[in-house]
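Single chain ahead, written as structure tokens, the form predicted alone.
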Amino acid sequence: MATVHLDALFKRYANGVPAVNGVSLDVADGEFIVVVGPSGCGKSTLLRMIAGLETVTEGRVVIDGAEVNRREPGDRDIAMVFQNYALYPHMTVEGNMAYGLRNRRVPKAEIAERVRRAAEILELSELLQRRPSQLSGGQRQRVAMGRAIVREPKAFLFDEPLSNLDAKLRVQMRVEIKRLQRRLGTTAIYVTHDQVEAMTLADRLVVMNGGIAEQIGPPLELYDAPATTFVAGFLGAPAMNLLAAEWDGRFARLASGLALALPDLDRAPGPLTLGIRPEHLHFAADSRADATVELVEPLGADTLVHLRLGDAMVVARPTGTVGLASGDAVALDWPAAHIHLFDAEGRRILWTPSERETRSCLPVA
């Protein structure tokens, strides 16, 4: 086990565009860090810099107290699990798991014991003599993880390891990876574009955008208090509703004509973005007609209601089923406790209305 320290890492390619732009991160011993973001945000490049598969343009990678920028990947004492498994097709499961240890001239008895223990942990004991072509996708991914485990590395690096699996198997493997990491207590850095994987696996999240770490913190902290509109819109399915508004000193006036009274907001007039998550946008029991129902999607435990609010679309997510249909006019309730505000640059506005649990941002004429 080990700590990992990233000190202002930059990766610039020949065209001068930074793929990774000054990312700093301290990973504690035994911590599970998940780096998440859309395609092209720099998350895989960041992981490959830690692994030594990409050169560092500027900054430092420090593993267990030692700078490793100039060390070859094999000398960094890390193990990487890829999305395509990277198994040798002509070798058995046992051969694939043992291959790296044999190259390092580990004694045969120790290799056999390490492979046996890893196979037992991953429930691969009955499959050791099979070849990759005889395995399911989930079994192949467990073999790839077993190959990493037998090395007993200081840190695991995962590069979208579940992206080739079907939805059901992804859930199963996600649980297995988290259980395995807790059992072994090994430091892990995991890259994914899947926010569900990110939220469920991480001790802390790193949300990447355009090569920059937009926000770092525990998953629920980022979900409940996103630092930027990007984080707010990226985490959550469906995403947070984000609406342009103009603050006039008393009301936040939306483009639809709806004006919300925001209690205790002490801010000069100007543009802002108002955000509310679908599960927090409620229907009010009065005769107002704030929005029109466009589409109702029943999901069983809850329902997605797509609403037109002027020229904007918003989504509400009430629990259970709702007696609404396309074309219905509805009134909306905006709980103050769950309103998020962002400035013109998309940065979070600190706002603490009194009586947060009971008051709503009431619409006004």
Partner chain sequence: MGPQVVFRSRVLPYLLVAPQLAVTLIFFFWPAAQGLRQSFLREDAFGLSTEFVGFENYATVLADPTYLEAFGRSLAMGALVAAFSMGLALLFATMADRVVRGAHVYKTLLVWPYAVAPALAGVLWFLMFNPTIGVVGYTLNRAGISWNHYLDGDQAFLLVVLAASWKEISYDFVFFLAGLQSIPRGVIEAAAIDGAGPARRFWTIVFPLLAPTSFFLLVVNIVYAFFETFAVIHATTQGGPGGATETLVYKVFNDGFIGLDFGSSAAQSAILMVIVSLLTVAQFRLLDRRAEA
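All figures in this text were calculated on a predicted structure; none of them were measured in a lab. Residue numbers count along the first chain shown, from 1.
Although not depicted, the form predicted in complex with the partner chain is the subject of the following passage.
Student: Which one of Asn103, Ser136, Gln172, Ser163 is close to the partner chain in the predicted complex, taking close to mean a heavy atom within 4.5 Å?
Tutor: Here the answer is residue option Asn103.
Student: Just give me the single entry in Leu262, Ala79, Ile189, Ala245 that has a non-hydrogen atom within 4.5 angstroms of the partner chain in the predicted complex.
Tutor: If I apply the 4.5 Å criterion carefully, the residue I get is Ala79.
Student: Which one of these stretches, 47-55, 329-337, 299-307, 28-36, sits within 4.5 Å of the partner chain in the predicted complex when only heavy atoms are counted?
Tutor: The contacting stretch here is 47-55.
Student: Hey, in the predicted complex, does Ala167 get a heavy atom within 4.5 angstroms of the partner chain?
Tutor: So Ala167 does not count as contacting the partner chain.
Student: Please determine whether Phe283 contacts the partner chain in the predicted complex, using a 4.5 Å cut-off between heavy atoms.
Tutor: Flag for Phe283 set to no.
Student: Is Gly74 close enough to the partner chain in the predicted complex to count, meaning some heavy atom within 4.5 Å?
Tutor: Yes, Gly74 lies within 4.5 Å of the partner chain in the predicted complex.
Student: With the partner left out of view, is Arg140 within 4.5 angstroms of the partner chain in the predicted complex by any non-hydrogen atom?
Tutor: Close contact is absent here: in the predicted complex, Arg140 is far from the partner chain, nothing within 4.5 Å, heavy atoms only.
Student: Tyr88, Tyr99 and Arg151 - do all three of these have some heavy atom no more than 4.5 Å from the partner chain in the predicted complex?
Tutor: Judged in the predicted complex, Tyr88, Tyr99 and Arg151 all sit within 4.5 Å of the partner chain.
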